[in-house]
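In structure tokens, one chain follows: the form predicted on its own.
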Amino acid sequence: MSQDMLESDELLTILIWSAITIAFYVFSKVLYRRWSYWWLSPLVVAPVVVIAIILSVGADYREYLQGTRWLLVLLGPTMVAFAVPVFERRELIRRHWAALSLGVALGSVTALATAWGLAVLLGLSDVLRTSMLPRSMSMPFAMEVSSDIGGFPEITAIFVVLTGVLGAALGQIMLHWLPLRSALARGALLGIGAHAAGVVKAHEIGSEEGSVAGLVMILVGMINVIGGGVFALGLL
């Protein structure tokens, strides 16, 4: 097969899988705005539909990953965008930096310990354990850490999505039952427990909650980049 034909096939793969992914994500966003149930979240609907399409046409996951890799690259700049609301609410953060620091430290340790404990309880192999360990980080952090400590970044991505969706859903339930009246407490709960999905949910509640959740998510990710590697190396 000529080089031109190979490049043409690669371009077609990128166009098809990117179009499918974006189209169903946009569709799920519209659906979620109309009915805001957690099981209609774009993080649930879009992956399920795309997986169903991949299985129905007999495509290979690597082919899909090759066609949508550029979307993963865009996650980095997207993370930077979370800094805007954080900067706008810097006075709130300055007033409560001690409480935020303590919450981030405890949240990071808890996230790593529970991820490892669940993996051990389920009897997962060492590779799956290390893949699961960064599940409470946002996607760019998690996939990089997973690769560094010997996990599978693609499997880690699945754990991250599941953690985000379930964390946002459980966080919403906890906010209903727990007496958390301050924006700081509500935002920190969602930012630590559900990373990016939690930030989105926090912004639905209020701008202050969203800003705190975004800051906490970034700080937890930065701490876990270091802590995840140390934790895994100490237990393997």
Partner chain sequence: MMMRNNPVTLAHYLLRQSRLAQAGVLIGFWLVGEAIARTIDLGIPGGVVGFLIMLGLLMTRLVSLQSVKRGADWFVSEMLLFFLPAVVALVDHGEFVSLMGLKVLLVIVAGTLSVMVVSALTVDLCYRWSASHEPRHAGE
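Numbering follows the first chain given and starts at 1. This structure is a prediction, so every number in the text was calculated from the model and none was measured.
Just so it is clear, the following notes concern the form predicted together with the partner chain, a form of the same protein that is not shown.
Using a 4.5 angstroms threshold between heavy atoms, Gly150 stays clear of the partner chain in the model of the complex. Interface residue remark: Ile14 is not counted as part of the site for the partner chain in the model of the complex, having no heavy atom within 4.5 Å.
The partner chain in the model of the complex is not approached by Ala202, whose heavy atoms all lie more than 4.5 angstroms from it. With a 4.5 Å cutoff on heavy atoms, Tyr32 does not count as touching the partner chain in the model of the complex; it lies far away. Residues are counted as partner-facing when one of their heavy atoms sits within 4.5 Å of the partner chain in the model of the complex; in 21 to 57 these are Thr21, Ile22, Tyr25, Lys29, Pro42, Leu43, Ala46, Pro47, Val50, Ile51, Ile54, Leu55, in sequence order.
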